[in-house]
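Given as C-alpha cells, the chain that follows is alone and in the form predicted on its own.
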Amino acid sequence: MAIETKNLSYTYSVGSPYQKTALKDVTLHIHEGDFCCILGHTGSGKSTLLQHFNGLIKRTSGELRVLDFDLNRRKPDYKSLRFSVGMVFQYPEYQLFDDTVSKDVSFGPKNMKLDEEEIKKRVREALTLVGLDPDEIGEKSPFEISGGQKRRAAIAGVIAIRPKILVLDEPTAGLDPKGKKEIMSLVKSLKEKLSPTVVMVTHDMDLVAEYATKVIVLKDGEVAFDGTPAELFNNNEIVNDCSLRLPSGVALANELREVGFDIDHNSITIEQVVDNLIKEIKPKENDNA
C-alpha cells in the first residue's frame, strides 16, 4: 500500500476565532502504481490532505501510513518520509531560488547527505528526465530560462531525490493546451521510469479521464467519492452534488446516446468515444451494403 488513512481529521487554529475543520474522518487507500486524482472545489481539503502525505502537516487525529512509514508513532521519521514522497506545489517555478539551475536541483540530494559525485549524477539524471539539457541549462540562472523550462527545472529538483510517490498540486495550472500536454507527458514518463505512484490534484476533468486510474472527490473535508474515473463520470448524483464538470469525451458520449448511438459507458475520453462510434457505425454500413 502506498498511502492509507483511517478517520484522518485536521482542524486549523484550534481554540481561536479562526478555527476551521479542513478534514473530517477521511478514510482512503492508494495502492502502489496508482495514478490517483484528487478532486474538489476550493476549501474542500485537497491541499491539507496532500500535505499530510509528506509530513508538511503533521497528523493530529486518525491514522496515516505512507509506504513503510507509520505516522501514528510518537516520533515519525519525517525527514526520511520527505525523501520518499516528492511534493510539487502549484506554480513550482516560483520556488526556484539558487544561482544556477544545477544548484537548485541539487538542493534535495545535498540534504540527503550524498557525496558530490552522486549529487552531480542525480542532477544530470533529473534534468535529462524532465527534458532539459544539463550542459546547456545547468549553469544558467533559473531566471534566465523560459517559463516552461523553469517549471521543468523545479520538477527536476523534486525528482532528484528519486521519490517513490510523486504528489502534484495542479501541475498544469496557468498553462496553454500545448504546455498542459507537455507537462502531463512528462508526469506519465516519470511514473513509468522513476515514481510508480502519482497523486495529483487537478480541476481539469479531461486530464482525469485520460490519466487517472483512481479518483477521490472531497467535499467539505469529507470523501464524497472513491472509485474509477468511469464510475465517477457515470454517477450523475455525485457529479451534480460536487458541481464537477464532465470531461469532453463524456459530454460527447452523452450527446451521441441521446441521438441513438450505443456508446460504452467506459468510454470517457474523446479518443475512446470516437473509437466506440466507429465500431458502432461499421456494422450498420455493412448491413446497408
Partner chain sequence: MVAISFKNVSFTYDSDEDNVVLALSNISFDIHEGEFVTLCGGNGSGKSTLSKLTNGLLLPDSGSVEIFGIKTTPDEGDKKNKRIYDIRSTVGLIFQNPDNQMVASIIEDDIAFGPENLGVPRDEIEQRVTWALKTVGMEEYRKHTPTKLSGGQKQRIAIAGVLAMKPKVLILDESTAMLDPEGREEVLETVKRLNEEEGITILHITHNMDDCVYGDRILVLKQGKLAFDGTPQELFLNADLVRTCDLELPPIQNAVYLLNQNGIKIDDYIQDEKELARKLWQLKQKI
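Residue numbers count along the first chain shown, from 1. These numbers come from a predicted model, not from an experiment.
Here the subject shifts to the form predicted together with the partner chain, a form of this protein not shown in this document.
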item: Heavy atom contact within 4.5 Å of the partner chain in the predicted bound form, the stretch among 239-247, 48-56, 224-232, 63-71; value: 239-247
item: Lys193, Lys79, Lys113, Lys181 - the one with a heavy atom within 4.5 Å of the partner chain in the predicted bound form; value: Lys181
item: Partner-contacting position among Lys103, Lys219, Lys120, His203 - heavy atom within 4.5 Å of the partner chain in the predicted bound form; value: His203
item: The partner chain contact in the predicted bound form: Tyr91, any heavy atom under 4.5 Å; value: yes
item: Heavy atom of Val14 within 4.5 Å of the partner chain in the predicted bound form; value: no
item: Touches the partner chain in the predicted bound form: Leu175 (any heavy atom, 4.5 Å); value: yes
item: Exercise: His29 in contact with the partner chain in the predicted bound form, heavy atom 4.5 Å; value: no
item: Those residues of 241-267 which, in the predicted bound form, come within 4.5 Å of the partner chain by heavy atom; value: Ser243, Arg245, Ser248, Ala251, Leu252, Glu255, Leu256, Val259, Gly260, Phe261
